[in-house]
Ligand code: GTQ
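Just one chain is shown here, as structure tokens, and it is the form predicted alone.
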């Protein structure tokens, strides 16, 4: 009888629930989506809001064991209060006041620091004390001891990027404080002695094929080198945007096994084509002003602003003045798993699937 079948099915579902089982036929469309459906939403955190809050934190919150770091994490509104910029990426602004030091520790999540402002700070990575200056990229590979010390008389502010959400999802987070507040220093800028001028540390356009489970032996990528190479690349190509990825000089792979770091130079008044990529990207404005359209929403930006492009959402940029954007992405992991995709869209092509059709665009 139809009624008896319905009752029996209801009973089956109750019994499955009681046994902590889920019938796939009721949830297939939730799990196997036609395209990525990230919970993170496009969002921008303006420097004019973050900087004053960071300055207040310097005056009110000491850096010591327990808290470990004075960091304001980017909390994407789509992630239900979690302190993550996107589902796989941590982004934050970290600040260190004059003559302060942040205690030494290590953890399995890998980290990068992109310096926004200030002088006189050193990050020591496994005994190698690396000078930090605006525009520099400093690596802290997984499970490397690291601490920060400000020997100057002014505060420093930098962008922190980590693969913490990804490592957490893999149940692979380990953390250990160093026995001492500061680790022993073997020397200063040691990694640069062997690799600062090595070919293959800056890759035009980005890494295409190389993969490496080992991090780059070069811990610091200096802004002066990046700036000069971007100038040469822009003059040679004439494109509205040129890109350099910071890469492992030994293998040509991304700087860290799980994180890709790149710098993009935008010519003023020339929009880039809309592109969507699988995986998440956090952008930090180093120089210039302009705007980006992400899945139909326009975000105007200026130096120090940070914004996120969630997976498979199209993004296009237009600089009002010559501009440089630093980006952090999870691309190496997607490439290693064979699931990375990238697509350049026609400016008039509607975006379907996981979003509403694109609204704003650049002429």
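Since this is a predicted model, take the numbers as computed values, not measurements. Numbering follows the first chain given and starts at 1.
Another form exists, predicted together with 2,5-dihydroxybenzoic acid (GTQ); not displayed. Remarks below refer to it.
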Contact at 69, 94 and 107 by 2,5-dihydroxybenzoic acid (GTQ) in the predicted complex, all three, heavy atom at most 4.5 Å:
yes
Segment assignment from 77 to 85, 129 to 137, 154 to 162, 202 to 210: heavy atom within 4.5 Å of 2,5-dihydroxybenzoic acid (GTQ) in the predicted complex:
154 to 162
Report yes if any heavy atom of residue 246 sits within 4.5 Å of a heavy atom of 2,5-dihydroxybenzoic acid (GTQ) in the predicted complex; otherwise report no.
no
Residue 90: heavy atom within 4.5 Å of 2,5-dihydroxybenzoic acid (GTQ) in the predicted complex?
yes
Examine residue 286 and determine whether its closest non-hydrogen atom to 2,5-dihydroxybenzoic acid (GTQ) in the predicted complex is within 4.5 angstroms.
no
2,5-dihydroxybenzoic acid (GTQ) contact at residue 148 in the predicted complex, heavy atom, 4.5 Å:
yes
